[in-house]
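Quick setup: the structure tokens below cover two forms of a single protein chain, split into structure 1 and structure 2.
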Structure 1
Amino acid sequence: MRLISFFSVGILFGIVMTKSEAISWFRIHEMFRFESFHMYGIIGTAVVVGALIIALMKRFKVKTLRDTFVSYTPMPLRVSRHLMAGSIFGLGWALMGACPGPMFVMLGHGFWIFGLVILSATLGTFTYGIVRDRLPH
């Protein structure tokens, strides 16, 4: 039952990512070239409204369906790690024009090459798991 809820929200996510055009390689390229406000408007609206929603849920101690309160386990602040990791991610994001969520949505569109993208992203994650002890964190 719970899984069906997440599956349904996933379907909604796929539709929203498509209609927002956030899955478009061209939109991402345009964003990194600062030639349109579109993507900044989307992310900005989502973050401002999202922050308000989260703040209200915390303020009014909303119980989630898992019987927990809304919280976030903070990550330790490691500036160089997050800058370095973020940059590696950003290189791939700009080249693929897709971050992980949209990769799956694009697969649903029938762009089968995204099966390969997802496979190599999984391989990238696997490689991280192997070499992580040797990376600065």
Structure 2
Amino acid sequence: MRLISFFSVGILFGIVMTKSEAISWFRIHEMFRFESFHMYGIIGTAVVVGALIIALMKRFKVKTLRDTFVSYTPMPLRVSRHLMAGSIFGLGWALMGACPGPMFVMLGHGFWIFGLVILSATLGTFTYGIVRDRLPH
């Protein structure tokens, strides 16, 4: 029964992503070419709403699926490492026209090629976990 709330949030997320056109390759292309503020507005709104939701979840002691309280521990800023990671993430985003959230929404819309994209992103994440200690600090 607890999973229903998580599925409901996921469905709502997919609807918002679709209606806001955040899954549109053309909107993402406009953003990377600095032709439109549309995506920057969506991203900025998502950051503010996400921060508020996390703060409320912490304040009201909401529990996760693993039965632990919601928490957030910021990682230390390492400029060279974050620039490299951000560049790789941005390159993948620009090439595929989707960051992680919209990838799942696109798969839900029936664009099956995004299954390969999700698999590749997952493999990339596992690879990072293996090599992260050998990366520059």
Partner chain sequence: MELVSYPQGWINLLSGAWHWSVSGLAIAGILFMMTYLGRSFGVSTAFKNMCTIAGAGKKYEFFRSDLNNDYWRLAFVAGAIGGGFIASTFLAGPDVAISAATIDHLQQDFGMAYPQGGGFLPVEIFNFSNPKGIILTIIGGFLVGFGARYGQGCTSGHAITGLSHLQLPSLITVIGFFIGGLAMTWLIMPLLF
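Since we're looking at a predicted model, the values are computed, not measured. Between two forms, the rigid core is the largest collection of C-alphas that superpose within 1.5 Å. Every residue number counts along structure 1's sequence, beginning with 1.
J.: Given these two structures of one chain, say which is the form predicted on its own.
T.: Only structure 2 fits here, because that chain is the form predicted on its own.
J.: Are residue 110 and residue 55 in one rigid part when the chain is described as two parts moving between structures 1 and 2?
T.: Residue 110, residue 55: different rigid bodies.
J.: Measure from C-alpha superpositions the angle of the smaller rigid part's turn against the larger one between structures 1 and 2 and state it in degrees.
T.: Angle reported for the domain motion between structures 1 and 2: 23 degrees.
J.: Relative to the superposed core, what is the Cα shift for residue 47 between structures 1 and 2, in Å?
T.: Displacement of the alpha carbon, after core fit: 3.7 Å.
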